[in-house]
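Encoded as structure tokens, the following chain is the form predicted on its own, with no partner shown.
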Amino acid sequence: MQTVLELANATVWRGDDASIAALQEVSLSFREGESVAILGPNGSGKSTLLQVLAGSLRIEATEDADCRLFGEEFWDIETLRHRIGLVMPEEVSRFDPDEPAFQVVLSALRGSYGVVPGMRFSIKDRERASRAVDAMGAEELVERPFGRLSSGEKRRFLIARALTHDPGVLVLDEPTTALDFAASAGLQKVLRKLLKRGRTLIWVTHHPGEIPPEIQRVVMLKEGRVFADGPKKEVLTDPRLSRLFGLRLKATWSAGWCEVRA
């Protein structure tokens, strides 16, 4: 399996006047073929780690620090965008509400947020976009204006958009956030199908109960450091969860799901 991300003693600062590093001496590796959940409270460094993974943030240059993406110390952002599909909820606001939903997906092949006049697509381009939409079970919605879709439907099209390049890794930043119960359950069902088909996912969340049974590795982040990393049942324990979130918590298990309550 090819290594997607290798970090060794990596420190990342956010802003010139930052007094505390967003990531502090982090050592981690992710490989194609394994799916991982990254868990932590707000401010734990999850978003910073995603930006390092996407190639948009660099680590502090020190003698013992290293950062490699797909084995390379230096990389091209455009190439990375084809190899890593990154889905973030805030992308919804970047599209014209009147844009047909299919064009939201299709425009990913030109690196744009929506189709603009003069943009041309081949039959193969449209076939690729259609396969991505089909994988998300959203083929009946392709002609609907993006702004008239429900929150869950919009999230499906954003994920389909990321799938158009058939990336080796799909990174989901809190994919079910702000969704109601039905929309969250529907999206979970589709994403579990992707996992069962062998798709490599990195699933970022601050809710342990969102981590599907197919994901067996969990990385906990706290205050910019790796707090725990390992098999899900060994990491999601009452003591670790309580220390991670600063609250006495109890975990119960059912069919591979972990439910956590105070």
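Just count from 1 along the sequence shown to find any residue number. The structure presented is a predicted model; accordingly, all values stated were derived computationally and were not measured.
What follows is about the form predicted in complex with a small molecule, which we do not show.
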item: In the predicted bound form, Ala10 touching the small molecule (heavy atom, 4.5 Å); value: no
item: Exercise: Arg217 in contact with the small molecule in the predicted bound form, heavy atom 4.5 Å; value: no
item: is_contact(Ser47, the small molecule) in the predicted bound form, heavy atom dist at most 4.5 Å; value: yes
item: Touches the small molecule in the predicted bound form: Gly33 (any heavy atom, 4.5 Å); value: no
item: Contact assignment for the small molecule in the predicted bound form, among Gly209, Gly230, Pro213, Pro41, heavy atom within 4.5 Å; value: Pro41
item: Candidate stretches 47-55, 194-202, 66-74, 230-238, one within 4.5 Å of the small molecule in the predicted bound form by heavy atom; value: 47-55
